[in-house]
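As a starting point, one isolated chain is supplied in structure tokens, in the form predicted alone.
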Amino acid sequence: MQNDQSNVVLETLSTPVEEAVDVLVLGSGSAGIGAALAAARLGAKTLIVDPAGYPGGTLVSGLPLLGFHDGEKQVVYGIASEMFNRLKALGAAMGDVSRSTCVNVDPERLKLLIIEMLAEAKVSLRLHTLFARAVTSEGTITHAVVEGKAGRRALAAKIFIDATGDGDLAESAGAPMEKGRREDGKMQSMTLMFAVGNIDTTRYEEWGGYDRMVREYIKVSESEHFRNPRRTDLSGSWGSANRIGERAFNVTRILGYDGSDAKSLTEAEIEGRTQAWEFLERFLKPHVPGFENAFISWTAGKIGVRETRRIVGEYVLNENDIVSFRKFDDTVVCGSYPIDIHSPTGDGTRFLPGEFYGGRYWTIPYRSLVPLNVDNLLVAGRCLSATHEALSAVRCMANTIAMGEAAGTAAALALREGKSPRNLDVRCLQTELIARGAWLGDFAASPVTGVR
């Protein structure tokens, strides 16, 4: 039988190796930043690669930073806490992570702070660079092949960290993966963040503010048949300390798209921007006092994707681990955010505050950052080994920064000890994390922070 190659382009490629480093981090979002800083601060030669024109990803999309506090105490310290405190010192953040789980930041100043922190740690930064494929040999990754303006290049490293959010490197390297919820593979809806400026905030608050706005939106969106499917709730609006008369909105809901597919992601971006303008022109300006002369002051550089691929790791974190506040012996991250599933198919949100924020916290084990089948790879961020339900709680940015810090620290220690990340002594990793300011729970309280 003749093999029809009409839909296949056959290539013979010779790809130059452009750079060799100790640790290569793919993705410069919250997890990637935490990983790169942690590895470099421990002396590893570190390179971070991202397709965007600035580092930060969803971290700089205008969302507040969530997950620091369990209602009684701060449970995330380390690089995430350092980043917020430096922003606050610049007048670019509001709130107090020692008292609240939700703090507002200026996303534009945060972009620059991230660049400054990477430079201080001597992390090499490569933007406008898209990951193409992994080159593997006997269960290890030798190179990450990337594409950029100068063409195709191969980047060599001893240890790789997948912080792409979509598990791009892990999947290409042959790690087993899952996607979406178990029953049908559908994923949480996406959201495009945007901000509205020139608001008369005094008139808005006197009218009833956010709570009344939500009630009004439910009525208007139903009667006027908005394309945004949300009808029962909105996620929130926030303002940062130095952006007067502006609010950032997390209200769009983009259903049925796949953030790991470029065509689908393109369609989602278009839908998100269309919904943002609908919210301004058809709702805020005609129906909410104080917004008559408002305008969209910025939209996020990319749509916010809550869920795509996840690795199957040494341990798969599950819903019961979250709601029972399980404490693992190999804990590397603590957190407090509840189950929060933005419906893959409709307007509702499954939000389970339950006993959360009453001084109880859950933990993430190191094993959930270690994929099966690939020895020199760690993951951090929303592509960790977790179920659809557990992911909805652990995806908050304080926690993804902390995951990155754990992965970067583990990579540097594994290099120092001549071990694969899988065989690293977790007690040594925990000791190093605590020494550098992390808090890993009451059973391992940090002598550095003094938190108990």
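Since the structure is predicted, the reported quantities are computational estimates derived from the model, not experimental observations. From 1 onward, residues are counted along the sequence shown.
Quick note: we don't show the form predicted together with a small molecule, though the next part is all about it.
Leu63 is the sole member of Ala390, Ala412, Leu63, Leu424 with a non-hydrogen atom within 4.5 Å of the small molecule in the model of the complex.
Only one of the listed residues (Met187, Ala154, Met117, Val305) places a non-hydrogen atom within 4.5 angstroms of the small molecule in the model of the complex, and that residue is Val305. Between 368-376, 268-276, 194-202, 163-171, the stretch whose residues reach within 4.5 angstroms of the small molecule in the model of the complex through a non-hydrogen atom is 163-171. Within this chain, Cys396 lines the site of the small molecule in the model of the complex, having a heavy atom no more than 4.5 Å away. In the model of the complex, Arg382 approaches the small molecule with a heavy atom inside 4.5 Å. Although the partner is absent here, Ala31 lies within 4.5 Å of the small molecule in the model of the complex, judged by heavy atoms. Contact check for Gly27: a non-hydrogen atom falls within 4.5 Å of the small molecule in the model of the complex.
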